[in-house]
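Read the single chain below, which is given as structure tokens and is the form predicted on its own.
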Amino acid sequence: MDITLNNRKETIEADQLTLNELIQYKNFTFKLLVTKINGKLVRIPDRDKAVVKDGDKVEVMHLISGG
């Protein structure tokens, strides 16, 4: 499938993945992540149910705080 991940075109060898599967596949290991599919926020408990399909725009952002 072809998706846009963090504003970059990506080709992934799958027809669809859950958002958690995509996070593992891309090896995002940071604990505080904000995730969106097609501009819609996906909360942590919903990532196992949220399906990423061909053509989707996915954002995985790291939350960083500082002073």
Partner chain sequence: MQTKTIRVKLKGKKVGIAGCGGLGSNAAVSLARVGVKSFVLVDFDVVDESNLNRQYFFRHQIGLLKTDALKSNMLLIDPTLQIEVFAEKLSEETMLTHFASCDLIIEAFDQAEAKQQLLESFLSVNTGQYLIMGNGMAGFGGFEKLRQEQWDDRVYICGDFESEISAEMPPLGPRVAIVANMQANLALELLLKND
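Numbering follows the first chain given and starts at 1. Everything numeric here is computed off the predicted structure, so don't read it as measured data.
The same protein also exists as the form predicted together with its partner chain; that form is not shown, yet it is the one meant from here on.
Although the partner is absent here, residue 56 lies well away from its partner chain in the predicted bound form, with no heavy atom inside 4.5 Å. Taking the partner from the other structure, its partner chain in the predicted bound form has a heavy atom within 4.5 Å of a heavy atom of residue 44. In the predicted bound form, at least one heavy atom of residue 36 sits within 4.5 Å of a heavy atom of its partner chain.
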